[in-house]
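This document starts with one chain, in the form predicted alone, laid out as structure tokens.
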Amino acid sequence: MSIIVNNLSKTYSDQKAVDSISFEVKKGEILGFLGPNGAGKSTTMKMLTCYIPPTSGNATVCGFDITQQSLDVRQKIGYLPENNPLYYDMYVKEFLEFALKVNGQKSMVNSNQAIKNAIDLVGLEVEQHKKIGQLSKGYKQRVGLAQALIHDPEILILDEPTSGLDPNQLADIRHLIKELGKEKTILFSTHIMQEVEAVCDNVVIINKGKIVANDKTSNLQTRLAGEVLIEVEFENMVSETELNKIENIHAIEKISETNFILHGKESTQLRKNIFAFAVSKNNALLTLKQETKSLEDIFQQLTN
């Protein structure tokens, strides 16, 4: 395992920001770390990057303990914090050279190649000769990504890496994360559910400092959906009173006199019951379609 978290907690006075959480990230895996604001995502990432110490519990990164071997941990990771601290008076290439020196790179020959590679990877070619303060928010975010990548770390820990990017930039950075995930272990937080579905192998959802879900994205949708939503449209008008007589239905959303969304369980049997109802009423079914709960629906279900 690249990252192993075991009963990790962080307490500020009487508030538990992170409450005894445990999860693992395998080598070469992209893990989406989700949660509402204040859930404990950034605090967890700060502990894993040795920026703040845990109150209790432990974690290892590439086999190194975050409290006992913090320098070893820092050499293995690339970190993009949520607030993306940058030196606005520095030029892009100057800042990346500085980031390399901080990470122990002394050879200018190697530095120049590493800087070029990072700039090419994140798409900073056009802006590389500007001061960071002159860049748009999206390009500043790319500079933050470049500094996280500059020393070719084994693990990337990215806190809201696509914040401030336009739709085209979003697509580029998602593709980049997916490509980097073929060789590196990536833990990143986001509020964009489509991003998780497009990029992540697995997902951890945290709420009020506790993990409420930890699974593959596809499994999570199947396991937590629970309720089946089926859209139906009849040829002729039908009343809600009549529909309530269909077995396995526990709620009805009326769209029109002939169109409804039926809530129930046991998808196959429910669809059979709806079809039998339509036949018994001699009322043709024009639509019988099961709706799939999105990851966003599940996120809201788990964190409300």
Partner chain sequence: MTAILKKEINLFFSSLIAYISMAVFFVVLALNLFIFEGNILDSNYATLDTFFTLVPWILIFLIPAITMRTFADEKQNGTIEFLATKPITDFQIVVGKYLAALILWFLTFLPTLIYFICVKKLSLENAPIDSGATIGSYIGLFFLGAVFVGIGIFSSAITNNQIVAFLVGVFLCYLMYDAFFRLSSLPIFEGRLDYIIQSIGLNAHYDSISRGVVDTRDIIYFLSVISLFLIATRTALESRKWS
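Numbering follows the first chain given and starts at 1. In this text the structure is predicted, and so the values were computed from the model without any measurement.
Keep in mind that the form predicted together with the partner chain is not shown, yet the notes after this line are about it.
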Please determine whether D201 contacts the partner chain in the predicted complex, using a 4.5 Å cut-off between heavy atoms. no
Is K101 one of the residues lying within 4.5 Å of the partner chain in the predicted complex, judged by heavy atom distances? yes
Can you tell me if Y51 lies within 4.5 angstroms of the partner chain in the predicted complex, counting non-hydrogen atoms only? yes
Is there a heavy atom of L86 lying 4.5 Å or less from a heavy atom of the partner chain in the predicted complex? yes
Partner-free chain; cross-checking the partner chain in the predicted complex, the single residue of K140, R174, K184, R74 with a heavy atom within 4.5 Å is R74
What is the one choice in P81, G209, P153, G123 with a heavy atom within 4.5 Å of the partner chain in the predicted complex? P81
Which of 52-60, 245-253, 267-275, 23-31 lies within 4.5 Å of the partner chain in the predicted complex, heavy atoms considered? The stretch 52-60
Are there residues in 18-47 with a heavy atom within 4.5 Å of the partner chain in the predicted complex, and which are they, in order? K46
